[in-house]
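Okay, here we've got a single chain as structure tokens, the form predicted alone, with questions on binding and movement later.
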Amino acid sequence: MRSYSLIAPAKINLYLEIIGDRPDGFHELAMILQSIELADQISVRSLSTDNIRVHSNHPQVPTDKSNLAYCAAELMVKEFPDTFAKYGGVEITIDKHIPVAAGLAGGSTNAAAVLVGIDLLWNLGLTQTELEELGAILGSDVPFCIAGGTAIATGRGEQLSPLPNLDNIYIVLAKYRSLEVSTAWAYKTYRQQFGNTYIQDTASLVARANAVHSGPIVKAIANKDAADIAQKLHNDLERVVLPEYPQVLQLRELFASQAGVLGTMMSGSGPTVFALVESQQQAEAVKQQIRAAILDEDLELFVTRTATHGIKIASSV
């Protein structure tokens, strides 16, 4: 049986602005998304049966239809029934390294890897654009997870415009293992508290989204200036999550007080907080300082760096 092993990177938000409401019930967003080297490894293998099977080494990862990776396989079966009939089912194995429910697109990047893996298994020959269109059916982050690198994301997050790649910017991530923040709650609460500030007319929504393309943080990215990027980090959802989750606020404040930290912010709807730092050595030092300041074993800390790719083939058999 043929199989592919794929690297599925996590992502962080360098910028997240909520512009207004969309007719489909989602928010109109302007974001800058960045792949990081912290990644899961996904194996996709042909089966001689018509089943979809999901396995994982992590006890919190579901192996049924509630897993987005399972949904990705179901979508490919639905979209390409004749090919499915020819090749049969798939077995998906998720080797989990990205923390669960962390705001780092762990589920989305697993789904993206399954789409890419099945495309290869079934010799479909889909383009990246076609894969991204399928990914958008599954979730707003999936298209970016396929493409990876650095990108502006608008619409509900599925409309991507690539930016110059950022490489070798080191990052420290912190996340309480048992702490989860509902993305739906965060956006709903933001709407309740700040909906009166939303842009209402369509032309202005489009103009504001387009303005991000020439914004200060994009110029800093074009210049590959890590210190300048760090000073321009922005996340609207911090306005509702930080007051409600003191542990997340504590992490952010602690990162901000560390020497060598260029800037810090919550990623997405949280609860992960990240810091951009000057070097790998400084990143390790910051990690140790945070560990010494918070002795709670529930706190997970990771050192990683920016990645220039999305889903990548590790091996094939």
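Residue indices: 1-based, along the sequence shown. Everything numeric here is computed off the predicted structure, so don't read it as measured data.
Although it is not shown, the form predicted in complex with adenosine-5'-triphosphate (ATP) is what the next lines describe.
Look at 22-30, 288-296, 245-253, 54-62: in the predicted bound form, residues with non-hydrogen atoms within 4.5 angstroms of adenosine-5'-triphosphate (ATP) sit in 54-62.
The partner is absent here; in the predicted bound form, the one residue of Gly148, Gly157, Gly135, Gly107 having a heavy atom within 4.5 Å of adenosine-5'-triphosphate (ATP) is Gly107. Proximity to adenosine-5'-triphosphate (ATP) in the predicted bound form, defined as a heavy atom within 4.5 Å, holds among Leu75, Leu121, Ile217, Ala101 only for Ala101. Contact check for Thr183: a heavy atom falls within 4.5 Å of adenosine-5'-triphosphate (ATP) in the predicted bound form. Within this chain, Arg191 is remote from the site of adenosine-5'-triphosphate (ATP) in the predicted bound form, having no heavy atom within 4.5 Å. Residue contact with adenosine-5'-triphosphate (ATP) in the predicted bound form: Asn67 places a heavy atom within 4.5 Å of it.
Contact annotation for Ile94: at least one heavy atom lies within 4.5 Å of adenosine-5'-triphosphate (ATP) in the predicted bound form.
Taking adenosine-5'-triphosphate (ATP) as it sits in the predicted bound form, the stretch 197-228 never comes within 4.5 angstroms of it through any non-hydrogen atom.
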